[in-house]
Ligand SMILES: Nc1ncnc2c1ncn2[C@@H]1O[C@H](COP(=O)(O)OP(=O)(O)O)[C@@H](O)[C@H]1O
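First, one chain by itself: the form predicted on its own, in structure tokens.
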Amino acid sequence: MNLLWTSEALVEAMEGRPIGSLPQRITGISIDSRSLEPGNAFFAIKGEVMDGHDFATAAVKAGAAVLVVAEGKLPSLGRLTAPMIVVQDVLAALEKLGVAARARSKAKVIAVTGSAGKTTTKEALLHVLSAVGKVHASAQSFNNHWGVPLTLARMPQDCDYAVFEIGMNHPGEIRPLVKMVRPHVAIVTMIAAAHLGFFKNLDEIAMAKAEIFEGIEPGGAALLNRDDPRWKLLGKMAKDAGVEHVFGFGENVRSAFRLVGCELHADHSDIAVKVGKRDLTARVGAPGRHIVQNVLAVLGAAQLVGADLDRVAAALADLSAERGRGRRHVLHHPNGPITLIDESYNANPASMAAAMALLNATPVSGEGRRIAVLGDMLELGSHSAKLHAALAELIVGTGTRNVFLGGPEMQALAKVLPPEVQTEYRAGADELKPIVISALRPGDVVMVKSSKGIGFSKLVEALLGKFPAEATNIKPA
């Protein structure tokens, strides 16, 4: 196993107190005893629901090399004899270790935020930069107050590039995280009505996202969506934060990374991009116009960190959608295939529009239909009913005429969809499951889209169980 930290470096970075005989080699950092690998350091973080100290024994049994525990919890650990590093606060110790990891790294660091497309952009950067060097990136959506320092602490000293996703629900959450990450390039994918329940309007969301500019390294760059209505506001805030270089990506003619041609296909896109005076063409393996927009940011960031743009562009052909974020499955129905698009991880009005466009662009076969299975968009506060009802115009404007809705907030949409859209509403995923399964026919294309908290991933799993997938992540020929 590769060496990530020495125990001596851990103790020094966290200003901890060692107990017992500490191992020389630490191969990884874990906060979950279930996924801990032998040789890892286990950080017993106290969360809102669970306390890691309650799982210290399980961590030792799983092969933890050392436990990082709070001074105040020592009495409750009883006779546990494992090597330990004792600190005042475990999460604060993890943050210190993250800061130390960033300080020792010579990697080019990219940070990504935005109302939609963060994880997709981060994963695309991880994919393409892996073609030109060693890359470290956030796992899953580790983008909050524990996910960011954990990702930092796991960063190998010898990586060439590091990509961090930084999220927020409230003002003030991005600021401390980006000051730990200290990116050379910060991307804002877009501003949209996500988490609107915690903000007055989209300008306030933009201002909260703009906190990412405060951590950019001297001489670094902000990379902004030039097609976004809040481009000017974000650009001004970047300059006010002292960012020396502000670049745009998009179709706008003044974009530094400009889309000049785009052919959208059911399973990929072909794009032409102007980077300065240079013309670039690429095939993007994951379909959808929204993916193309994210790819423009990816190309921009790659250029700004000095990566080989030809190799980066070539790697885009192998890009595939993530689970819950557009991943495709061909389901095996006894009488013919059904295409399933899994968009069950996240939803807000902007990503709903992107997902419906993707569904509309996906061809059916034979007598097949386009079917949308939609669940609640969460964290929209007092705007929720209006924003859910507004999806009716979006749906009517597509080729989708079969809609299944679930969740309390989707009632607002169910009430306003016109008769030509065949609509079924149920309380939630469990109630929808049998009627969706029984409704599917060969040749159909069905898309499942919702916020993660609604649990529509259970619908995806049910469909995969009922109609075993023939293939996943369809690739262009």
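One-based numbering along the sequence shown. All of these numbers come straight from a predicted model, not from anything done at the bench.
Form predicted together with the named molecule: not shown, discussed below.
Only one of 348-356, 69-77, 379-387, 148-156 lies within 4.5 Å of the named molecule in the predicted bound form by heavy atoms, and it is 348-356. Between the options R102, R325, K274, R283, the residue in contact with the named molecule in the predicted bound form by a heavy atom within 4.5 angstroms is R325. Here is the short version: of R370, H136, H329, K118, the single residue with a heavy atom within 4.5 Å of the named molecule in the predicted bound form is K118. For the chain shown alone, H290 is a contact residue for the named molecule in the predicted bound form, at least one non-hydrogen atom being within 4.5 angstroms. In the predicted bound form, N144 stays away from the named molecule, with no heavy atom inside 4.5 Å. Although the partner is absent here, V109 is not a contact residue: none of its heavy atoms lies within 4.5 angstroms of the named molecule in the predicted bound form. In the predicted bound form, at least one heavy atom of M190 sits within 4.5 Å of a heavy atom of the named molecule.
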